[in-house]
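One chain is shown next in structure tokens, namely the form predicted on its own.
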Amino acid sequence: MPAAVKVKIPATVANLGPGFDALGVAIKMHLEVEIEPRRDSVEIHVEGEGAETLPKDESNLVIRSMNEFFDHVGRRPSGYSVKVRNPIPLGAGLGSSAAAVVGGLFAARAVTGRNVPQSEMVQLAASIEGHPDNILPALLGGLVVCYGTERAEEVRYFRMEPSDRLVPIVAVPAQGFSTEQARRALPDDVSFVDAQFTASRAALLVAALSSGAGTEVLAEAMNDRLHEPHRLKLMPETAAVHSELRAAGLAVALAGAGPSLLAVVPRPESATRAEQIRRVCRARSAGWRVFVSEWENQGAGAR
């Protein structure tokens, strides 16, 4: 076991409006997991988001994921110390759980030296976290289209890189929201008209993000009728900000299941649009945080 290993995993934004359970993208906000050997004990230290609330034992998602990997390869070390540095807000729709899962798996792979192929890492991560549209961009970086097969356990994807002419801006409210609660808000059936509308916007969004389209096309592409209207009813503050930003012509969508929002803007407009978003958020609550980020095309790995 090497003296110490550090891995970095990007935050992710899934769904992207019309891409429900199918689209995800990595952004430059990184969870760091550092591991070093111990004789016979397991220790975990957490810094940053969740430092006061996340478990400090083997129930921690990073440690659970590491143990899944150790069991997968049939080699569990006698002890180790793990330090987690987390800037990703919890329960915000920015893939904090996906980053923890991927971080644990990659840290475990690095310290064991086992050459487990990427395809196995994808399947392991998806089996633990259950949301490929968050897991895959955290693992691979870039913009990922996820598509399932008749075999529920099989994960397939197509990866590309979003245009660097576009800038992601993330607005995060003070209070998080449970993904499970947001999923329970979804209806059992949707109309054919809404399905057709959303499918066309999802296709347009992939084209717009990969080509660097302008704000008007982006804003149209981020329209959704499948999940956002139902989820926003549970998040009145987010819904108000979402509505006001869309009325101002911005391309904005729920980040994951919410309650954060993702806006995508042309690079020359990024500073002006970020200040506009801050003004709208401040008018609703002092607790909002606005991050101007970048796409992260490099996935998880040792640094």
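Numbering starts at 1 and follows the sequence shown. Everything numeric here is computed off the predicted structure, so don't read it as measured data.
What follows is about the form predicted in complex with a small molecule, which we do not show.
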**Item:** Listed residue that, although the small molecule is not shown, lies within 4.5 Å of it in the predicted complex (heavy atoms), from R76, R156, R183, K83
**Value:** R183
**Request:** Sort through Q123, T215, T198, T179 and report the residue having a heavy atom within 4.5 Å of the small molecule in the predicted complex.
**Result:** T179
**Item:** Within 4.5 Å of the small molecule in the predicted complex, all of D21, H131 and G256 (non-hydrogen atom)
**Value:** yes
**Stretch in contact in the predicted complex with the small molecule, which is absent here, among 156-164, 132-140, 200-208, 68-76 (heavy atoms within 4.5 Å)** = 132-140
**Message:** Just checking whether R231 would be counted as a contact of the small molecule in the predicted complex - the rule being heavy atoms within 4.5 angstroms.
**Reply:** yes
**Message:** How about A14 - does it come within 4.5 Å of the small molecule in the predicted complex, if we only consider non-hydrogen atoms?
**Reply:** yes
